[in-house]
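A lone chain, given as structure tokens: the form predicted on its own.
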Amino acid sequence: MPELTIRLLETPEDIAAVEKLQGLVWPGSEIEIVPAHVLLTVIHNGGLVIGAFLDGELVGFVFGFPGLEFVPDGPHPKHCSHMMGVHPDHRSRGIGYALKRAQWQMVRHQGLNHVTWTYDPLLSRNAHLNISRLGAVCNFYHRSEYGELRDGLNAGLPTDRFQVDWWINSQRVVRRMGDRARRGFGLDHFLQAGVQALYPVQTGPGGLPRPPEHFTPPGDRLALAEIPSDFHDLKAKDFPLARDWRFFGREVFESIFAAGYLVTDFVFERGGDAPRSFYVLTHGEATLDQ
């Protein structure tokens, strides 16, 4: 296997390769590609564009820029991580994690403590990376965050997003960024501890998971919320069902966040007839450093 190289991207030639890679990661609409002149402006003003290379070929990138968040005691600086993409032929090889680990190191060097970004809460692969592996947490749900996107992955659905908080100097994150991989908990661990799923998910025609009509808000300190394990596949096979999941997920997460819960972990269960995916919800902020 070729050795993965991670480095900062700073030249027009590097950024032209990022432009091209965006078209492969999010096909179908050139208008959604972030142009080279914007990326170069980000680089020249404190932002970071980081690339992953195999045999000299750019196969992944992440970019972000300094921003401000407004809290009760005034504006605070943060890093806004806006986009990360990995070539479709090189996914599930740890490239996304390697890019985020490099970003973690460089943002810490800039003296910042907080990184935020958004992602589709129904994408199991992204949830596993962002929540379980990186240690980000979430209690912000944004409806239609980007309006209508026309690329092949987002077209036709409201662009609802989680906004995650990555407290990069916390023990929670530092442990996950260490050389020894964190051993995650499986579904059985939570079930044996008495943690209950908020709702049942039934399998419909074609083996696709269907959301229930309603759900019961959590009453315990911990709860599980299930999402489809492969939302892109579900959307391709049954678009109306994908819309049902979007609006059901909106109802669930807006309700639980309003009740004081956070997303603090993610479980991907491979056993049984089909993979299953669950967010772990924790009431209160006492576990943010766990």
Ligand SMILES: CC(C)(COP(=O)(O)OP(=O)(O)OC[C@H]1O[C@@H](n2cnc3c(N)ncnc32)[C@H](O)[C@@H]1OP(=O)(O)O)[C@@H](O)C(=O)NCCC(=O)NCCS
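Here the structure is a predicted model, which is why all the values come from computation and not from measurement. Residue numbers here begin at 1 and follow the sequence given.
Not on display, but discussed next: the form predicted in complex with this ligand.
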Can residue 17 be called a contact residue for this ligand in the predicted bound form at 4.5 Å between heavy atoms?
-> no
Contact between residue 124 and this ligand in the predicted bound form at 4.5 Å, heavy atoms?
-> yes
Just to confirm, residue 65 within 4.5 Å of this ligand in the predicted bound form by heavy atoms?
-> no
With the cut-off set at 4.5 Å between non-hydrogen atoms, does residue 135 touch this ligand in the predicted bound form?
-> no
Out of 257, 53, 26, 248, which one falls within 4.5 Å of this ligand in the predicted bound form, going by heavy atoms?
-> 26
Identify which of 101, 210, 128, 114 has a heavy atom within 4.5 Å of this ligand in the predicted bound form; exactly one of them does.
-> 128
Among 199 to 207, 170 to 178, 135 to 143, 78 to 86, mark the stretch whose residues have heavy atoms within 4.5 Å of this ligand in the predicted bound form.
-> 78 to 86
Residues within stretch 85 to 105 having a non-hydrogen atom within 4.5 Å of this ligand in the predicted bound form = 85, 86, 90, 91, 92, 93, 94, 95, 96, 97
